[in-house]
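Just the one chain here, the form predicted alone, laid out as structure tokens.
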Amino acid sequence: MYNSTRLAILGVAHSPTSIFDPAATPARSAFGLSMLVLSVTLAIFLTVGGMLLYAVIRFRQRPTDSDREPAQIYGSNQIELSWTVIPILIVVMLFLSTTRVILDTQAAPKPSDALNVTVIGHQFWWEYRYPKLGVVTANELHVPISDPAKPTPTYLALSSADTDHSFWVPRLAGKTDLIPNRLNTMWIDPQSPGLYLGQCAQYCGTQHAKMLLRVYAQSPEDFAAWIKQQQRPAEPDLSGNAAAAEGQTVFMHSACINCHTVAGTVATGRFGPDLTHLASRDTIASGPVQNTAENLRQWIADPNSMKPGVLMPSMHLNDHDLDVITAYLTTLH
């Protein structure tokens, strides 16, 4: 029993979306507050449960008891004062503790060299804009790690293009809502490189469950290299790749360009994700599908088969056009 319980706790702690394994300052603050609330509520549960168990055992009916109703006690000023004052003190303490964590997180001074990212929630994907770096990408957020000795956090400006969404990466910070016509902000400072997973935490429609979050925390050198690669225009090497060259022509003459952008081309749509560096991403469809040529072809052919309720329509392309467009998109690194 002990071993199974211990394994269950360890499994929760090592889950990629566990609040019990914080990896950034805001998440650690939330974790500390959670442990305080858990401790207080556990103490209340044990106290009330213990008193109830004592009463059940101490005053249980015995064979020697008479059938006469025991003496009734109506009211006790001391007891009533206790169960009024003590809960009030507990609530006030938890309120002040929560307020302190919120204020400490929101009022943290912003360093001059902090990274700024604009996050826009769409049904059902994420758009990321790095305004000072000239980079636009989708679904996979890249940030540099922060050195605790010299913090370099990432500040996120959150907005929505349609309905309410919520940005939540449990190991990095608490959730913050994205609301139409309103700008909310939050910050993260992951201190270890790696992939941190999250989820849209506000029901936003049919495919809310598959609107996943992927945050890549990288060393400053790796992040700089990623930014440099993302800043390049889409210039795929189509020499010797007749299928990709033809696919570019088909893509640029299809309705795809009305929704998607490929920098340096006539594709300037903004309704769907920016595809300039699509092939450099690990996933498509906002996280649930691995970015392989086979999956990409199926996604173009019939997005609804992979993500029911998605807003991207089927393009009704023939097999040849599907093959060449897939070949072209896989060159967009």
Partner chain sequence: MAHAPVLEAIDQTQIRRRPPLDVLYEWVTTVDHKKLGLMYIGYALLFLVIAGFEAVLMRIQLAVPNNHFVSPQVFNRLFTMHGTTMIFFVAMPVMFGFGNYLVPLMIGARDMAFPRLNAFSFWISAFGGLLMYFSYLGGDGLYGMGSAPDVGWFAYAPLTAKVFSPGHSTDYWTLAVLLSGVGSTGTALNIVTTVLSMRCRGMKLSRLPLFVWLMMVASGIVFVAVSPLTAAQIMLILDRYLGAHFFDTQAGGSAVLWMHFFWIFGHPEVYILVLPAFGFVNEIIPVFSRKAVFGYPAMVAASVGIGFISLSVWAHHMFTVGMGAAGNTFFVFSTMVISVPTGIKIFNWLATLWGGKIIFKVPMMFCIAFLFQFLVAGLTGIMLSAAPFNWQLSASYFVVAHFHYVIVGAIITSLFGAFYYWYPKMTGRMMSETLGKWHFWLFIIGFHLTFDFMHVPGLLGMPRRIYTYEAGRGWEGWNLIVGIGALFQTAGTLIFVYNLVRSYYRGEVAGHDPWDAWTLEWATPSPPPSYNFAVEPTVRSGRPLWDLKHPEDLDENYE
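Positions refer to the first chain, counted from 1. What you see is a predicted model; the values in this text were computed from it and never measured. Basically, rigid core = biggest C-alpha set you can superpose within 1.5 Å across the two forms.
Below, we refer to the form predicted together with the partner chain, which is not included among the displayed structures.
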Requested in this report: Name the stretch, out of 73-81, 128-136, 112-120, 219-227, where some heavy atom lies within 4.5 Å of the partner chain in the predicted complex.
Outcome: 73-81
Query - Residue (of 254, 241, 163, 159) lying close to the partner chain in the predicted complex, criterion heavy atoms within 4.5 Å - result: 163
Requested in this report: May I ask you to choose, among 258, 249, 192, 99, the residue with a heavy atom within 4.5 Å of the partner chain in the predicted complex?
Outcome: 99
Query raised in the report: Does any heavy atom of residue 301 come within 4.5 Å of a heavy atom of the partner chain in the predicted complex?
Result: no
Query raised in the report: Hey, in the predicted complex, does residue 154 get a heavy atom within 4.5 angstroms of the partner chain?
Result: no
Query raised in the report: Taking heavy atoms only, is residue 34 within 4.5 angstroms of the partner chain in the predicted complex?
Result: yes
Query raised in the report: Heavy atom to heavy atom, is residue 293 within 4.5 Å of the partner chain in the predicted complex?
Result: no
Requested in this report: Would you mind checking 258-279 for residues with a heavy atom within 4.5 Å of the partner chain in the predicted complex?
Outcome: none
Query raised in the report: Is the C-alpha displacement of residue 183 equal to or greater than 2 Å between this form and the one not shown once the rigid core has been superposed?
Result: no
Report task. Compare the position of the CA of residue 195 between this form and the one not shown after a rigid core fit and state whether the shift reaches 2 Å. Result -> no
Query raised in the report: For residue 148, is the CA shift between this form and the one not shown at least 2 Å following rigid-core superposition?
Result: no
